[in-house]
Each structure stands twice: as structure tokens, then as C-alpha cells.
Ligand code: GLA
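What follows is one chain in C-alpha cells, specifically the form predicted alone.
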């Protein structure tokens, strides 16, 4: 069994294939966290915690004569305020009588087969894997609050999930001021924090920092998981790297306001709490009511960051992404935005599609500007009907033409937003989040709709469903181009306004649930000004997310590198765009742009009518190369061969088949030097005793550096062993020019 209860030692132990998680229930009902780490079979670990009298650390009433037993220094399974534990807490509340905090004690537990679900929230599912759930219920006698801690044990996947459910089993109103999903105490070790910060057009930049005594926070209060602080974080023991050392991943399955606090306390112990950001949050629970907190996915490995990444990649693809497109070959997309912006009509769109068909494009997406009165980004949001001044006859003629060319047709939407200059806002101004008597904060001249209102969600479902059905829509790009500012819902009473942000997120999930359920054949791609909502919650509904509005290939190296720590290549929306790049003005070759974008869903953001015949032929060759590589890129394992912090003058990635039969190594040089010595990497994921050859070597312009190896052997004539490539490594000769790239396909020799 994956979950065991030892009645004699009063321990609950959760086992996955390689890890163990253990808790202790003491004689007074306090639940202590004992261990999360490498698998240890059937032994109580309570003895490793030496009791000490720590001054100014209080004792529970039962232990008032035992000053060495304090909730302030012992590892708690779930910590609340005003309980004698002064560290950062997971729960804070106040009752209608003014009682604050909680003293949580064991009430009951249940071990059951299958995976728990969270109503209205995305959460991992069992799929074909055997999963067990532990339900551990704590209660506070003074307030009547029950906290059900849920643990999903995915034994074969080597992963745990955590969630929390709050029930008012008392007679008075309880207001939750903080209701986090996870509390995890780690008493021993020296740890560092890896987090992924950024900004619009520079998301998920990896930063590894030492932990200080005190609290370090990764959070968003923007109404979205944000460009600025991705909710996924990793704790690494000092010295851990890609291939060795202890790593612990914490990934909330939530797309709204999130917060993870990491505290090193007076004893050097580490506490992590994670869940909904409690800034501007409160939730009223009347007697009998229940609140569900989002899920958090946990992963422990002692084998380095790469192992952690592989666990998350597999888990997200097998147990979070539900779309039929998870296991289907994704179409090659041409998006109209960087090619046409708002400047198009029916004839221009059809001509655009005809050019795309000649290149081998499989799906054409009509981005912003097709609806309402929409010729710039100041008007029309919310009016989801065709702009017939641009598109006489609506979308039907365009859809028919594109399908007639043998391609699929997609549309851009921004359903959660509205412009003041729109029919929707004029008819329903109360549907927007605005504060009475205060001018609203503006961004792109748009306001956020109150997605916590059922009438708003019902309206959006009707208009979007009608458009999908009437126009044979195959793909939807779901965008979000501003963060929430004025958190005031005209549908909620004054004392419930603290619920606005979370209710908003629940409404977004409800709309996504209904549309993806009723239109399973449609490929949905998430977007929030690029990568502003790239998280596991979105992946539950959409199998891919536009990684960043920055399509510059060199900028994308760090963006996609950071993204890859938690999220698989199949989820990364990545396109080749025109040069000079719209965001940076940089020029890079088609080959380099394609080499980077292939490590994602791959597509194009440009106007093919501007190409020369030579350029069109180069793109056809790139597309053929991508189709050849597709099974490897989407089924293989990613290996980051250069540092996550981008310390080298080049970046190298490898994608290897899981059986070691084939591996693609991509080099992108970010700084060329005179009299250079080449680019050395050690491959991974190969069969040590197998022999390999370079089956294909692609360089910009097809140039092979055939004269640069010792012995003057041709590159494609060299023979390697898996051991030599992984331990001695491989050196690519120097490349010349501005941001050159190379791709080498290694193949095992039978």
C-alpha cells in the first residue's frame, strides 16, 4: 500500500516509488511532520527530533510542565496563527465573536482508493495510474473549524499532491483571512531557493539565491499567476545541480493570486507555505459551508534538477493536461498578429492563407481585430461578433476559404476583458470590476469583467460557443492583456469583497471548463500578454501556452530555459517571427529562429507574402526538418547541457529518446569570439555501451565545419560511444556570424 497507518507509533506514512512522507499524531492530537525524502521503509522517524527548551517559545497547555515541547520549534504538519507557533502560518481566521487563529488537533483520517477532486478547481487526475488519497482532518474546538488535509499519492509517478478543505462545523460565522494549501517543515539541511522571475517579454528567468534567516516570498497580487513571479519554486540543498543533489519542487495548480513563503527560523529549520495570496483575500464561511483551496504538486528527488524536471514534465502531461490534443500531433500554426496586426480585410486574410498553404502551414490564426469596432486596442473588447466593415459576410467566407485550402482556422479571443467603448460595456457597466466613486485604473484602455458573476460567464459561453459552431473554429488563442486592478464586485455585499479575486478565478475556470468540455476537438492555447499565466492550472484546460510575447530567438533562450525546469516542451508556445524582431530589433537567421522555436509547439508570426522564393524554400526545408523531428521533440526527454543561469557564450539543449536510440543536440551561440576553441558539452540520456553516429548535421546555410576535427575526419563520418559522449563529451567547432546555431542528430548504430 502507498499509504500506511502505524497504530502503535501513531504515524501516517506515504510511499511513492522512491520517496517517503511521514507524519506523527501525538497523544494530544497535535500532528507533526517527520520526513519527506528518499524512500525509507516502515520505520518511525520521531526519534530524530531532539526536544530542547528554547526561550520565548511557548508550550501547549498540555505540555505546560515540559518546556522542551513547543509548537514554535517542532515541525508542524499544518500551522495556524495564535497557536504558540510564531513562524509564518498557513491559516488565519476570525469568528463573528472575534476569536482569532486556531489550535488544530487530530480528528480523524481516512485512506481511500483513487484521487480526490476539488469542485470548481483544476487538479491532477489518476488516469490509468493507481492512486491513493489520504484525508486527514484536523479541528479547532473554539471555532468549530475543520481543516481536511488531502494528499494524493501517485506511487508510480513518484509524486505527491496536497490540498486543503475548510468546513465551518460550528455555530458562528468564520472569516478565513489566510487559507493556504500547503505547509511543509524541513528541519535539517542548508537550502537555496530557485525561483522564476521576470516581466512582460522576459518571463521565467531562473534565479537561485541562498536562504536567509527570515521570510522570502514569491507571489502575485495581479489577478493572474503573472509574468513577474511564476508560482513554481524549487528548494535545492547546497551543492545540488542538474545531475546530482536534493531538490524539492512546489508547484501550485492555480492561475490567480498566489503566494509562497519560505522561512528559515531561529533553529535553522525551513518552513514553506503556499497557496492563494492572502493580500486582499478573505472568505466568509457560514455554519455548514465549505471552502476548497487549490492543489499543490510536490516532487522530491535526490538526483538533481534534471530529474525533478523530468518528473514534472511526465506528471503534467499524464495527470494534469486533459485535452485530446495532449496525445495528438499539433498543427503547424501561422498567427496573423506580427504579419498584419489590425490592418486586414477578407481578401488580405485569404491571400495570407494562400501564401501559408504553399509553405506547408497547417493552421491559420486570425488574431486581434476581427470583431466589434476594433481597428486598434482601444475599442471593441467584449463585442464578440464579426467586424463586417472589415470582413463582409463575417467569418464564414474566411473559414470556408482556409478549410478549402486544406488548412484549419483559428481565432484570437480575450473574453475576460471589456473596453468602455463597446456595446457590452454600455449595456452592462456593472459587469466590470470598478470601485464606486473612484476612477478605474486603466491598462490598454480596457477593464476586467467580473468573472465571479454567473451572468457574465453564461453570456461569454453563449457568444463563444455560437462562434465556434457557426464558423468551424479549430483553434482558440485565449489571451489576457491586463492584470486586475479594481477588486470590487458589484454583485457582492461589502463584507464579501475580499472574495472577489478568487471568485473571479473560479469564473474563468468555469468558462474554460464548459468550452473545453463541449468542444473537445478545438485546440485551445492559453496566453496572457504572452507568458503572464503560464501555470499548471491553465494546463488543466489548455495543452499549450504562448510562452512569451518576446519572439526574439536569443531572448527566448533564457525564457524557454527557465520554463523548462517545470513545464514540458509540448506546452511551450514558440514561433519563428520576422526580423528585425518587433520586440528587440535584433536580426537572427531563419535557421537560428527555427532551432529555438522547435523546442516548443513551433509555428510562425510573420507575413509570408514578403518572402523571396529563396526564403520560402528555406522555410519549407525548416518545416520538413521539424516534421522529421516532431516525435523526438514531443516524446523525448529534455537535457539542459549548459547552465541554467546562462553563464556560457552559448546555450545547448539535448532532447533524447527515452531508450537512448536518438538524440538531437541544439547549439545557439550568443557571443562569437575570434580565435575561439569551440563549444564543449557532455550529452546525457544515451546508452553507455552503444555506438553512435551523427545522422544529420544542420547549420545555417548547410555549412559543415569538415576541416576542423583532429584527424581531419568529416563530421558525419565520426563514430562515438555513449560513454564517450556523456563522460568525455562532444566539442562543436567554432561557428561564425551573428548568433549562429547548429543542430546535430545523433543516432545509435545497430
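Please read these numbers as outputs of a predicted model, since none were measured by experiment. Residue numbers count along the first chain shown, from 1.
What follows is about the form predicted together with ligand GLA, which we do not show.
When you look in the model of the complex, the only residue of 530, 568, 410, 573 with a non-hydrogen atom within 4.5 Å of ligand GLA is 530. Interface residue among 196, 546, 300, 78 relative to ligand GLA in the model of the complex, by the heavy atom within 4.5 Å criterion: 546. Only one of 478-486, 90-98, 659-667, 631-639 lies within 4.5 Å of ligand GLA in the model of the complex by heavy atoms, and it is 478-486. By the criterion of a heavy atom within 4.5 Å, residue 462 is excluded from the residues contacting ligand GLA in the model of the complex. At a distance threshold of 4.5 angstroms between non-hydrogen atoms, residue 368 is in contact with ligand GLA in the model of the complex. Among heavy atoms of residue 116, none comes within 4.5 Å of ligand GLA in the model of the complex. Although the partner is absent here, residue 337 lies within 4.5 Å of ligand GLA in the model of the complex, judged by heavy atoms. Although ligand GLA is not shown here, in the model of the complex the stretch 265-303 places no heavy atom of any residue within 4.5 Å of it.
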